[in-house]
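Take a look at this single chain, the form predicted alone, given in structure tokens.
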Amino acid sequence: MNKNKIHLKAPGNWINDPNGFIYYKGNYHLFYQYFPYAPRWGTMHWGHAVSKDMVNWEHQGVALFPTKYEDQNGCFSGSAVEHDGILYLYYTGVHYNQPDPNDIHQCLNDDFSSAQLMMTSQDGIHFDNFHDKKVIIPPITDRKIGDKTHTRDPKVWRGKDAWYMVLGSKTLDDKGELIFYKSTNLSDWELVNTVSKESGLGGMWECPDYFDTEGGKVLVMSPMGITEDETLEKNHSVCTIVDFEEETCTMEIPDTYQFLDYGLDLYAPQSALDEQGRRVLVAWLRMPEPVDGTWRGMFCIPRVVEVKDGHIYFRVHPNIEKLYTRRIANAAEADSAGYKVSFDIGDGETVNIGGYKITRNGNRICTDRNGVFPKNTNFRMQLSTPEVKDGFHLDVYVDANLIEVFVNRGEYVISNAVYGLTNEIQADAMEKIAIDTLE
């Protein structure tokens, strides 16, 4: 069993998108896309983990699994809300019209239908998959509204006068689209509006998440095909500050955006409010191959989202940050859950953390994982932030399979999957470097 401290990792086999992230009855609940049979993608279930502090996580087994015609081939991504002490789960159910006869966990010709379903729990632990599921939005038949196949990932929140839901979809001309619904009882949903961009922003918009902060209203989503180079992953998570009028669900999406994370390995983020009311976000780390042949997929450090002067910051959650209090001389002395390396970096300097290289090139922070990544994977090896403005301080959180480089405490972040890190740290000026691990 993996040690699920700081980073929640697959209990075995495969995980991807975080789902149903919520603070409920004294616990943080994080559900996730889960294929329990092999370390590869397949028929989706919802795995489930709980934590008192977002530091120490315990897997609870499978919460949702296919039982209905509409979710016969998977319980895909969605969200959770609480009302009157009851936990409401919303997700996309998938039915394959053409299952692969040689592998029923795959679909032929992208021929499947997507519906939106809900179920409830009285305690966040017990789920009745056989009797409690309800289809709330059948597959869309009017192509002017959305796509019957690619409409998914319901995110639900409480507005001023009602409950609201946003779904990701695509338009008739294959541009990304958001579909907004409204409900007074969490069960019956009414279409309110659709939103897209004439100029486009990739293709289908997966995993949309909208929320308000003190500094501005934020849209987070994962457009498909947003990059066009020859690397494997062309779908990436972005965030932007938007104008949103709740009653009519009218949203103005600007042309400018930030990548959620400039390592371009994180995907399908989801946010929730923590116990103190802070907006916290987690995301799935895409990994090219299993670890030890047994598990594949993990989540990043929970990050507090803040907006300041029109820029979106992602800061390490205080519950995580406060744990790194034991100063060590080298990485070999670190706790098995990892360590933090902190330093200010000068122009042209390089810090090599176990084979993962971090360099400052002018006003940009650049990383290179060529030495700690499987060959012939077609993943990006060299990454870079935009030009930074808040200085050149780095806090690097190191796990055996994930490095997260926080630039200026969240102005930008580069997170990358890694394999085969060593315990050696090299730098042009080692005296400037502090290494801390968990007490």
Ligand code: FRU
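On a predicted model such as this, the values are computed, not experimentally measured, just so you know. Numbering starts at 1 and follows the sequence shown.
Another form, the form predicted together with the named molecule, is not on view; read the next lines as being about it.
The closest non-hydrogen atom of L285 lies beyond 4.5 Å of the named molecule in the model of the complex. Using a 4.5 angstroms threshold between heavy atoms, F76 counts as touching the named molecule in the model of the complex. The named molecule is not drawn, but in the model of the complex it has a heavy atom within 4.5 Å of E206. Taking non-hydrogen atoms only, I365 never approaches the named molecule to within 4.5 angstroms in the model of the complex. Residues with any non-hydrogen atom within 4.5 angstroms of the named molecule in the model of the complex fall in just one of 149-157, 293-301, 333-341, 348-356: 149-157. Though the named molecule is absent from this view, in the model of the complex it lies within 4.5 Å of a heavy atom of just one residue from A80, L260, A268, V166, which is A268. Residues W41, M44 are the members of 35-50 with a non-hydrogen atom no more than 4.5 angstroms from the named molecule in the model of the complex.
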